[in-house]
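In the block that follows, a single chain appears as structure tokens, in the form predicted on its own.
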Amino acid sequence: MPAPIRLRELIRTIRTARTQAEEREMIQKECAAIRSSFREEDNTYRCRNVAKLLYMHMLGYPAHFGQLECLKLIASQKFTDKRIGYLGAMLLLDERQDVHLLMTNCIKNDLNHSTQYVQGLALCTLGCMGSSEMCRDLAGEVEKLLKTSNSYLRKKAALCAVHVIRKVPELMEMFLPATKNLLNEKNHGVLHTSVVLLTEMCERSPDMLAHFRKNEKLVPQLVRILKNLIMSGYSPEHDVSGISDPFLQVRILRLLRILGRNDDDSSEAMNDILAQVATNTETSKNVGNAILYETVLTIMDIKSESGLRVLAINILGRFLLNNDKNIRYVALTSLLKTVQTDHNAVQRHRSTIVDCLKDLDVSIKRRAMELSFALVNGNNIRGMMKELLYFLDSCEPEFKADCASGIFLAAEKYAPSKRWHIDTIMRVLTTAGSYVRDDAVPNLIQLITNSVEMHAYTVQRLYKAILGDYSQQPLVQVAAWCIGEYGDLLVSGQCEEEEPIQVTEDEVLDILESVLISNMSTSVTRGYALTAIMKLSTRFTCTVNRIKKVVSIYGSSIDVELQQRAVEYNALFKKYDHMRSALLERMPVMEKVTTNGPTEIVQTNGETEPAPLETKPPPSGPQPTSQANDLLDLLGGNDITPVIPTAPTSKPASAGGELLDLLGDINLTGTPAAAPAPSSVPQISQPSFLLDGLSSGPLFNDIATGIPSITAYSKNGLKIEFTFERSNTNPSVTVITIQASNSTELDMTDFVFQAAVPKTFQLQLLSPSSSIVPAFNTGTITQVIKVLNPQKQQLRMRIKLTYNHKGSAMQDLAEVNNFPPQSWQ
């Protein structure tokens, strides 16, 4: 048989192929020749054939038929054969194939070989694809090589030990004695791999971490090595852009971060060296920036001094001025993580952060927007809102919804005056009305209603804002509502805050009628406009007949909602005209109910202020079921049992679709269902909400802080935690606050949390703080659950989570059974 072509010739031939089909034909022809050579047990050219096969494997063609040939090469005594054999094993074999176990004996022999390069090949292969069985069998040989004086073998053995620990963590203690002298080595390769091994051991075992902190005194050794690296002169062997071995420096900083986390002594021992690294590292090259970034992460993660934390934040501030977009993004992400703990230090870089809103890179824009909202407080609200409103006006559509939502929240929290608050919300609606949340319209209406002195000013501003422009539907809805409520103030020109405009009753009706007939108006907007026209029948005096005609016209509208409104308003004119003025009188001031206890702790980004709760008496009558039942039907049943019943009720045992019994249709009390109450027994009225009717004393016990929190759900980067408080006046009520966080790299949107409990409990689910769970754990969604447990039974709950993530809708169900006894006993 003629000698097969060499690898170089094969590569040259394949590269001359003009089409994919021609290349495939060449590969198939060569594979056939290689198979024939393998069948003939040709030892002379086996190494050459396997090398060619590996090249084909790299091109994406199947090469599995060469696996056993690799094992034969490994068993060969020639170094060139072993080298190709081990390379083939690493590329063609893995632990899922039983063939790899045949290598164990060969690797063991080669680990004890007299030539260091053969030992190195065996170590590399075991560290690359060794299975847990191989690692158990060969860990002893690796540990011996880790103690050898040969630095070439020690560095390879250290990396192999890392793989062994990952596969078989219980073998970690075997390598502990060998780690004692690793950091005394002068060879940087050994130092680097030793730090990687120590990092792996500390991350995987809390016991090892404590051992290295206390017994081995690892921190002083690492500090000494890092100091030598910083202070050493030029060394061509390790120099990268003027910095001595930056790879080793970064590894040491990461290990220091692990050792200093939640440990005062270790943190104190490394404060000085971290300050030296932060001040002595050159920043003109990217290598220096990488070291500084690791230094910042270490400073922020350990219990460092306040001055050192300020220095770290100033480094991130310098990163924001860098021309490299990646460095600016990293700086913004890091500042976003630290803004809650070091708010004042981050505030110093506010102007630089705001400038990043003008960046062309969308990822930098988003991070800058999130950080800007985190920096807003009562002192800078006017300036920050000016910048953010300008950003809202010019940003891409994908930013407008989040930006508008952030402005609403910030304005509600820190508004210096009601007029400023109203102007800001109106500016958002004018700029990005189509992108605001659904609750923006009722929230602004409530704000306007409660600002009695601003009614004339607001209705005039809204009237001018919608003249000839109905594109922003939420703005048009608010304007229609205000014109209907305060149209008489508009016509009379009572505005004192700015020059009043002269408007007649007919002009006001012209605007509302044009909203009704506009193609841009939605069904909801038309409903607002028709109701506003009807309200004006009691505010205006000269245009009542015109209003009657408009209302009667829409009595035959094809829009069912609009038709129903018009028919009912016509009936008001014809049958109940004596009641019309009373029914359409001006709305009273709306009270905003606070749901999180007697006082809310308002975080003012640097300041904490208690906000008093406005108490309001409980309603005298039963609430509608739609208001009392915040628990949704997780199983899709149609027979919805009230979560907070207004009277004792019962259902036949055969009734299907029970809402509350999501735990398997079980009766937790062990007693049969109660029979329906006779009609002669008077029904006892109960409060519609769990905490209505309670006294105005302190809501929670002082011992509430002693109830441990639990993790109710943790999957796919989403984590749900429950914290507990108990009512002081009604021990049967448990208040659960959920906190949802997201550790992935993308936000989770349209987040909905639903919960259900067994029938012996009653549950009320209040509104969440947001529907977006921010990425990288940069924020949380909070939501309050109130559970009434009159029989003091063990609490069980089923939860349902729905959200959108990475472009796909996610849904999951889970049961929570690990509630602490203090939360229900």
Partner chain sequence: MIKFFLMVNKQGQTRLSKYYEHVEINKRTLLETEVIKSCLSRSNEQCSFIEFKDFKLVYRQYAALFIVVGVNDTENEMAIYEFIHNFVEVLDEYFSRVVNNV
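If you're wondering where the values come from, they're calculated on a predicted model, not measured in any experiment. Residue numbers count along the first chain shown, from 1.
If you look for the form predicted together with its partner chain, you will not find it shown, but the lines that follow are about it.
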Partner-proximal stretch of 362-370, 738-746, 73-81, 554-562 relative to its partner chain in the predicted complex, 4.5 angstroms, heavy atom: 362-370
Proximity to its partner chain in the predicted complex, single hit among 57, 800, 759, 48 (heavy atom within 4.5 Å): 57
Contact residue in the predicted complex, chosen from 321, 240, 579, 590 - any heavy atom within 4.5 Å of its partner chain: 240
4.5 Å heavy atom contact, residue 183 to its partner chain in the predicted complex: no
Distance check, residue 521 to its partner chain in the predicted complex, heavy atom within 4.5 Å: no
Any non-hydrogen atom of residue 266 within 4.5 angstroms of its partner chain in the predicted complex: no
Non-hydrogen atom contact residue 254 with its partner chain in the predicted complex at 4.5 angstroms: yes
Partner contacts in the predicted complex for 258-292 (non-hydrogen atom within 4.5 angstroms of its partner chain): 286, 287, 289, 290
